[in-house]
Structures are given as structure tokens and as C-alpha cells.
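One chain is shown next in C-alpha cells, namely the form predicted alone.
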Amino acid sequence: MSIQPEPELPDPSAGAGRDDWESRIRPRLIAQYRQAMYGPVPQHAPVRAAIRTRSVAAFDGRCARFEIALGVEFSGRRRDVPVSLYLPPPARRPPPLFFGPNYAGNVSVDPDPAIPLDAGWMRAEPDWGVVANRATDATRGLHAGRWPLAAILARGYAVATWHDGGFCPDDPAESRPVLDAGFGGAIAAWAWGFSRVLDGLSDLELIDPTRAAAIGHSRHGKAALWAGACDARIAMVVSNNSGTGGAKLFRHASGETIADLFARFPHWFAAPLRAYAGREAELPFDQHLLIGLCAPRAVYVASAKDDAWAGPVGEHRATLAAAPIYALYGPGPLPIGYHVREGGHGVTAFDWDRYLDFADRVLR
């Protein structure tokens, strides 16, 4: 079996110093990503956050759960996004935070019957209990294994989650009104949603917004990376099995391609990216630079050996290739983490143990 050669990657930071990277190269890269891949987002978006309910979580009797109503206004529209926030036992200072979207509503993360069913549109998933594009009681606790709340809270971290459709439905037709209001694609809208949730939680003063870790699995991992590149408040990004358009190199010929992305999910990315289908080597950037745009803040990329569609080798190579950008910020341990585990596409307790250990080092 022949060994695939390393792809030749664009390296705009070669020979540059930190000042040149920050003043000239980084802004140009952000602009290129917006133009060719993600598209624009609304620039003015007032956010209002209000606590609807507070309850003591069942994990140890000392953790609290807040149901928060987040209202976001943009381009003459309004999106109302229910956010579930879990706080660990009280400490001397507000806790650090893991925050990210879910796939089937907040009830899918926690089976507690007191959590209201999400009333918004969801992609039809009968196996998830999503009937007529709405969550049902069968959805409760469906993805609790992806969000081991008791373990995260026991380590002293808060957790916030919301349904991705609160910001943009995951459907070509249903997403159109949102995209027409100023978004290049759903990934950009979901990334923008990370920042709007952080706006609201910061206003409530329940968490430490300077120690916030954006986490996303699969398509949400794609969004988490772009959120981290654009929002310097995000102190750590976790990209779990994010694949093509996420942490995987476009130039690494494995797994999903740009053509595949647009064939299955034409609403995810801005239209100009489609022109690079089959011409990935002509892109002016690759995803090691997306990881590098988060520097000097921390990034953790995770792969799975059997997740061939996400391209674990391409994810690993992108993570390694981002290191020279982080090195611009001086000597010392790089705040980049990576692992590849056994198994396939998903989020496991093993993954979370690695994320929590890494967060203990970079956020505490």
C-alpha cells in the first residue's frame, strides 16, 4: 500500500512575525474565508437574555439549571432561542463554561421532564422522536451520552446548550428566510450563534465569559472553529469529528469533498465555495489556517479511527500544520490538543475526559 504524500499547503505566515500576522495577514485571511467559504453575517444584533426558570439539578443536589430565553434581533427579524444553562456547585468566582448547540433540542441533552420541549422546527429524525418536525417526549435524553453533565459539573465547569435551529434551521428551504436576512450559510449562522449566546450569558453574570470553551460535534464542530476564529472572547475551541469544512484539510483527499457538501447540504456554506469542488488545491487557504486563526487561544481537535467520512488523517495533519502560527506567539507549550480514538462518528466519555483535562490546563 502506498503512503499518501503530504499535501502542499498555503503558508501566508512563513517568515512573518507576530505583528505582521496580526495586523496584515490575519485580517486578510478572515476576509478570504468570508468571501470564499462562509459569507457575511449581520453586524448589528441586540441580544436580550432573561431567566425563565431556575431549578436544582438532580446530579448532586447542589447544581443549578437555568432555562434562559434568548432573544436576538437582526435585519428586522427576531429569533427566540431557548438556552439551558447548568451551573456547578457555587464557588468563589463564576465558573468557566463549555457551550455549544445540540441536534434535537435541550430535552435531548437532559431527560428531566421539567425541561420544556423545544417548540421550533427540527429536521425530521423519526429515530430521535422528532415527529412532524417537532421534538416529542421520545426525544428526552436521546443524546445525554454526548453531554455527560454530571461529570462536567463535577469538574467545576458550567454547561450551556441550545438547538441549532434556534439560529438557523438545518434545511435548504427552512433556512432560506434566515440566510436571506444576511447570512452566507448555515455554518456562519451557527457560528454567529455561539457569539450571541455568549453575549446573553455575559449579561446575566452567571458564568466567567473570559473562560468560555466553544464545543461542537460534526457540523457544529465546523461552526465552533469559525466562531473561535471570529470571536476573540472565546478562550478555547473544541472541534469533535468536524471533517471537511471543519478541521480536515481540503487538500487531503479522503472522506467528504466540497462536491459532497453541496450535494447533501447546499445551505451550509456560501455559494462561492462550490466553485472549488474538484479544485480544492486552488483554494487560497486550507483548514490549518482556520485553526491558526484562533491563536493564541486554545484549540482541541478530536478524530475517530472509523470515521472515514470526516477524514481523521486530514484532521490530524491540519492540527499539526497550525503549530507554526501558534509559535509566532512565543516559546512554551502550544495550546493545541489532539486525539484520535477508537470507534466512529460521535462524542464519547473518553472524548470529554480529554477535553476536561485540557481545559484544566488552559482555562484554570
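From 1 onward, residues are counted along the sequence shown. Keep in mind that this is a model prediction, so the values were computed, not measured.
In what follows, reference is made to the form predicted together with a small molecule, a form of this protein that is not presented.
Candidate stretches 107-115, 212-220, 83-91, 193-201, one within 4.5 Å of the small molecule in the model of the complex by heavy atom: That would be 212-220.
Give a yes or no for Leu261: in the model of the complex, does one of its heavy atoms lie within 4.5 Å of a heavy atom belonging to the small molecule? Looking in the model of the complex, residue contacts with the small molecule include Leu261, since a heavy atom lies within 4.5 Å.
Spell out, yes or no, whether the shortest heavy atom distance between Asp171 and the small molecule in the model of the complex is within 4.5 Å. Residue-level check for Asp171: no, no contact with the small molecule.
Mark Tyr326 yes when one of its heavy atoms lies within 4.5 Å of a heavy atom of the small molecule in the model of the complex, and no otherwise. Flag for Tyr326 set to no.
Please check if Tyr157 has a heavy atom lying within 4.5 Å of any heavy atom of the small molecule in the model of the complex. No, Tyr157 sits far enough from the small molecule in the model of the complex that none of its heavy atoms falls within 4.5 Å.
Heavy atom within 4.5 Å of the small molecule in the model of the complex: which of Trp147, Tyr103, Phe98, Phe183 fits that? Just give me the one. After the contact test, the surviving option is Tyr103.
Consider the chain as shown here, without its partner, and state which of Ser175, Ser242, Thr139, Thr161 has a heavy atom within 4.5 Å of the small molecule in the model of the complex. Partner contact (heavy atom, 4.5 Å) among the options: Ser242.
Does each of Tyr300, Tyr338 and Asp360 have at least one heavy atom within 4.5 Å of the small molecule in the model of the complex? No: none of Tyr300, Tyr338 and Asp360 comes within 4.5 Å of the small molecule in the model of the complex.
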